[in-house]
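Given as structure tokens, the chain that follows is alone and in the form predicted on its own.
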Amino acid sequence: MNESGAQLQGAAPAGETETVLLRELVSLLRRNRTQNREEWARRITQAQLLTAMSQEEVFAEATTVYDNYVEALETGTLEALDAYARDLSERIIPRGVETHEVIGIVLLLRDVLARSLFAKYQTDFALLNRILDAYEPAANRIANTVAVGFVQERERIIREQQEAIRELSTPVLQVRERLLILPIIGAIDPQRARQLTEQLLSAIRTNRAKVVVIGITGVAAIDNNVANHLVQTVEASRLLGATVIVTGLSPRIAQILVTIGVDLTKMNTVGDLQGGIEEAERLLAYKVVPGGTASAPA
């Protein structure tokens, strides 16, 4: 949370005059609640913001945000508004609502409320100025809290989605008892290589695996760092008691492994995934029976 609990007026306590002005401001905004909400929702539609939501949804959310906004002005704390803004962000981000839309609607609300103040106090400029002096710092704080909260929530969701994609891109599959397969497709960067190792070692321990077949047919190229990581993964698996069979080595990747000094005679390599599975079954003493299935070792 960025500003929750912070006093709207800043570090210094609000003076009595400012407190009275804010109280009057809150009273005015509550009296004008209906027309301000309707005007805000109309401006949101006119500006083509929150287009992923229906007009009924926009008005319902506008009502809740408006009430939380006024409460923040009244109490001087942003906790309720910040919590609602994050909840709203979590619901609307998957629907495609962008950051500029959220910032846009907050600025529109600020404008709608400011216009209502002009309409009320336009005949008394001195009082209008004092009201605006009390209102604007609070409004800026609120706008900043909502915008930053949305951006942070969006970044959190993006990180979770990226993590989910990475997990899906490195599936560790148990095809038989004590036998795992890890087919790798696409580019491998250092981050993905680390995740691959962590997932594989965890799966070896969980499944008490004895043989792992790593298929890299779908990997076009790797650099020296990732090649080293692959070798370390094989060694770490061996320490956990699992034999690793690497399948689908391309000439380019084989050349890199030789260049960085990997002794390929110590690495079990097989031409393709099917050959790797057959070799794994041999190591596990599975017997192939008619019909293409394998029976468990006696």
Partner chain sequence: MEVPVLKQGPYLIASIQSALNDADLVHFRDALVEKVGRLRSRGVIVDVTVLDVMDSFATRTLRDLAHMIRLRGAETVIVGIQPEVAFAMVQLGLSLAGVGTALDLEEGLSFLDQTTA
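We call the rigid core the largest set of C-alpha positions that still match within 1.5 Å between the two forms. Numbering follows the first chain given and starts at 1. These numbers come from a predicted model, not from an experiment.
Form predicted in complex with its partner chain: not shown, discussed below.
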Using a 4.5 angstroms cut-off on non-hydrogen atoms, would Lys210 count as touching its partner chain in the predicted bound form? yes
Even though the partner isn't displayed, in the predicted bound form is Arg42 close enough to its partner chain, meaning a heavy atom within 4.5 Å? no
Arg178 versus its partner chain, in the predicted bound form: is there a non-hydrogen atom within 4.5 Å? yes
Considering non-hydrogen atoms and a 4.5 Å limit, does its partner chain approach Ala236 in the predicted bound form? yes
Heavy atoms within 4.5 Å of its partner chain in the predicted bound form: which stretch among 100-108, 146-154, 189-197, 114-122? 189-197
The listed residue (Ala80, Leu128, Ile93, Leu201) that reaches within 4.5 Å of its partner chain in the predicted bound form by any heavy atom is Leu201
Consider the chain as shown here, without its partner, and state which of Gln232, Ser27, Thr259, Gln46 has a heavy atom within 4.5 Å of its partner chain in the predicted bound form. Gln232
Core superposition between the shown form and the other one, C-alpha change of Arg194 at least 2 Å: yes
C-alpha of Ile44 moved at least 2 Å between the shown form and the other one on rigid core: no
Core-aligned C-alpha movement of Arg178 between the shown form and the other one reaching 2 Å: yes
